[in-house]
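First structure 1, then structure 2: two forms of the same chain, each alone, as C-alpha cells.
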Structure 1
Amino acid sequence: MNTVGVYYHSVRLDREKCKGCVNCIKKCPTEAIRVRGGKAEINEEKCIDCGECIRACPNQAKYVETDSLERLSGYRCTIALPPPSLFGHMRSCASPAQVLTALTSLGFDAVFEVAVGADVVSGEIRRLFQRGEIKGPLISSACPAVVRLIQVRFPELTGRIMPLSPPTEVAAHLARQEKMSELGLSAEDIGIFFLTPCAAKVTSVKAPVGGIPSNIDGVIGVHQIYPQLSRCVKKPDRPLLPIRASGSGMGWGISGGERLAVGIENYLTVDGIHNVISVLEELEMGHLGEIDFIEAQACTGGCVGGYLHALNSYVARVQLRKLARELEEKQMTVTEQFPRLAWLHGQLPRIRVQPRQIIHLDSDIKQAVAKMAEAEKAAKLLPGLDCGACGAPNCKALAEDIVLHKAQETDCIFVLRERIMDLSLHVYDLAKIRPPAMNQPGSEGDDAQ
C-alpha cells in the first residue's frame, strides 16, 4: 500500500519528442508549463496531473507513467478494480459479467467493481446530509484532478471538499477485507490494482492527499489492457462472474451520476477542467451559497471521457447510462452484501485536504508584494495578446517570469520587434553622421571639387 508524504507525478515529458509547439502551455489549467530552448518544461509544484497537456500534444511528447501486469507476480492474490467507465467502453461487445470474467483471464485472481465503493460513498454522503453533519456547498472528492486543482488554484476552498475517501479507495478496502477473510491471507499478500482511465488517479494512489494512505498497490492504464481484454471478452474460458454493483454505483462513471446516486436536490454538475475552474471562481466569490453539492469532474462527460480509454466517450456515455438503468432494480444493496463491515455503517474514514504550499513570487510576503507590483508594471509593457510565442501561456505569466529572472522582456516577439526597429532607426541616424575632419555635404570643399 502507498503512503502519504511523498509527491509524485504520473504525467511525464519525453523531451526527444517535444517540438516546442506551445500547444500544451495554452491548455494547462494551472499554468505549470513553459517552453524554453525549444522544449517544454513542467513546474512540478503547479502540475495537477490532469492530463490536458497529453490531450493537446500533437507529438505524443507527454505520457502517463503506470504500472504493468508484471507486478501481479509479486502477490499471492491479485484483485482488479475496474472503474464504472470501463463497462461503458466495453458495452458494445460484452456484458458486465463477461468483462469481469475476461479480467481474470488477464492474470487477476479476482475482480471487485469500483462501482460497489461508489454505492457505499453515496449512502454515506446521503446520511451525512440528512443528519446535518455536513453543510454545503461541498465539492465531490471523487475526481483527484479537481482536488489538486483546488489545492493549487483555489486553496481557500479546500475546506469545501467532501471529507470522504473516493470510491476507488473504499472499493480497495472492501476487496482486501473480503479476500483476507475468505482465503486467510495477510493484507501484504493481496495486491489491489486499479484500472485507471486517467493520469490523475495514478497520482492519487502514488501520492494520496487527505492524510490517509492508499489501499491500492498498483495502477494500470485501461489503454494498456484494452486490446487483450477485448479479445478475452469475446471468448470466455471460465464461468461468468456476477456483477455486484447497483445501477446507481455504475452511474458514477458519467457526469451527473454521483448526484443522482446521492439524491441531492440543490446540486450543480460540471465537467471539463476549464468549466470546473469557472464554477470554482464563482464559489470562491461566494456566489453559490444556495448549492449544497457540486459534482465536478476534470474530464468532459465524466470518467468515460478519460483519455486512457480507447473508444469514443460520447458513445460510451450512452452505453453506460443504459447499463445503469438495466442494473437499477436487479442488484442487492451493498449493506446486504457486506453486512458486517463497519465502513458501511457511518464509519467511513474522513479525509482532510490541505492547500499545496507553492512559493509563487517569493516566500517573504513583503518581497512577494513588491514583486507583484513589478510584474504588473512589466505586464503593461507587453501587448496583452497572450499568443504564447514567448513560451509562457499569457502575458501575465511572462511578466511574472521576468520578475523571477526566468525570462526577459525581449522574449516577447512584439517587444523584440519594437526594440529592433528602434535600434535600426538609431543606427540609420548614426550612419548619417560624419566625423568633424570629413567634408560635410554642401561644404566649400565639395564646391571646389
Structure 2
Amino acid sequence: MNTVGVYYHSVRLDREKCKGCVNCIKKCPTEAIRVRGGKAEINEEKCIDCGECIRACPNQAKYVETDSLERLSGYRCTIALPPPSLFGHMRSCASPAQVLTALTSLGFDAVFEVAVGADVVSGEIRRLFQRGEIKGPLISSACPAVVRLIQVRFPELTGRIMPLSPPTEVAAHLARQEKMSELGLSAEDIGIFFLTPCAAKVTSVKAPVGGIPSNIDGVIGVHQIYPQLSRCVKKPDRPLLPIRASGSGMGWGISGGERLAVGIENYLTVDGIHNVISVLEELEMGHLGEIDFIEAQACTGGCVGGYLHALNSYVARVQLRKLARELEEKQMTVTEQFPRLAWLHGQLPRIRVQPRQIIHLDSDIKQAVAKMAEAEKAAKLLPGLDCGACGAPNCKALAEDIVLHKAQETDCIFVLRERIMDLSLHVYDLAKIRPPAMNQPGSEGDDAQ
C-alpha cells in the first residue's frame, strides 16, 4: 500500500486493473511513475497527488482513496463542506439552495459552503496586499497539487506561496465554531466532511503541508454522492436552506474566479498542471516581476475541471459562472454574516510551506554530476523516441534509471533488437565455419550439386 513510508498518498493503484500500458507515466508532471513487472509503480517521494495519472488511465486502475459515508455515524453532528465547483456540476434545474438541502437529505446534519471560506480568504488577501504586509509575486495556496508541485519541482518558490490557509480549511474552522456555539457541542462531537472533486485535496487533509493540522475530519469524493444527490435535489423533502456565500466566493470554483474575488490588478491566471509548470519556470527566472498575484490550478478550468465531477467541465463552468453572477447581486457579505468572527480581523492562521527535498541522482554533488554525465552517454545509445515501452516516461529518464541501476539498457526494445541482430549475425558467422574433418564446400567429394 502507498501509505507505507514517509508520504501519504490518496492516488492509489488497483493492481488487478493495471495492464502496464504506459499512458500514465507520460502524463506525470514529476516523472514519478515507472512500469515494473507489468504494473505501474508510483514513486512516493515524487508523487504530488495531482491525479493526472487518474485522468490518463484507460483502465480505471488509478483511483482516489476517500472516506466512506459510514464514517458519518462516528459523530454527534456532521457537516458537509461542498466546494463551489459542485454547484456548477448540478444540472441547471437545481438551485444552490436545493443542492445544499439535498446534502442534508443524504445524511449530513448541516452544510457549510466552502465558498464562504473563500469569501473570508479573499478579504484577507486583499487586506494584506493593501497594508503592504505581503508583497508579490505570490502564488495562491488554494490548489494543493500546485502547492506540492512547488515543494517538489520549485523548492525555492515555496516562500512565494500565499501564507494563508486555503478556503476549505477556513470553512471547516468556521463550520465547527458555528455548530459548537449553536448546539453546545465539543469540537470532537462534530465531524466535518469535505466533498472533494480531486485527489489533491484528500492528501491536503490527510497530510497537510503548511505546518497546521487540518480542520477536516473526513473527505468524501463528489462521485460517491452524485447519484443520490441528484435524486434528492429533484425531490426536496424539507425546507430549503439559504445559500450564504457571495458570488465571488462561488467564483473560486472556476479558473480566474479567485483573482476576480481578490481584486488584485496585476495578476496572472493559469490552469492545467503542465501550464502551471511553464509559468512557475518563468517566475523562477524572475521574468514575472510586474505580477503580484498568481492564481494557479492543476486542473484545466480550475476546480470545475476536477476529475471526480460529473459533467463536462466547460458546461459546468458556464453554469457556475451564471450562478456566481446571480448571487453577486443579492448576497450579504461575510462580515455582515459573521460580525464577531476573529478570523475576519487579521487573525487568519498563517501557513508556511517547506520544500520537499528530493534526491534525484545522488546526495553528493560530485557523484550526482558524475552520474548525470554517465546518463548523458547512456542516453546517446537510446533511440530518443520516448516510446515508454521500457516503463520509463522518456529515453532520458531511462538513461538515468540505468545509471542508478534501476533499469538496464536492454529494457529498451530498440537496443534489445540491435543486440539480437548482432548476436544472430555472430551465430550465422559461426554456423558458416566447418570443422576440418568436414568437407569444405566446392571441394572434391562435395555432394552439393
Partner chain sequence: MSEQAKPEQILILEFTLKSLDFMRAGEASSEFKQRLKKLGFKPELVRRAAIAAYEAEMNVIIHARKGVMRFEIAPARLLIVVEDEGPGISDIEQAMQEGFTTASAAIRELGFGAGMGLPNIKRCADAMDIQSIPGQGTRLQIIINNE
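Throughout, residue numbering runs from 1 along the sequence of structure 1. We call the rigid core whatever largest set of C-alpha positions still superposes within 1.5 Å between the two forms. If you're wondering where the values come from, they're calculated on a predicted model, not measured in any experiment.
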Please state whether structure 1 or structure 2 is the form predicted in complex with the partner chain. 2
My question is whether Gln367 is one of the residues whose C-alpha shifts by 2 Å or more between the two structures, given a fit on the rigid core. yes
Threshold 2 Å Cα movement between the two structures at Leu69, rigid core reference: no
After core superposition, I'd like to know whether Leu382 moves between the two structures (criterion: C-alpha shift of 2 angstroms or more). yes
Once both forms are fitted on the core, what is the Cα shift for Arg434 between the two structures in Å? 5.2
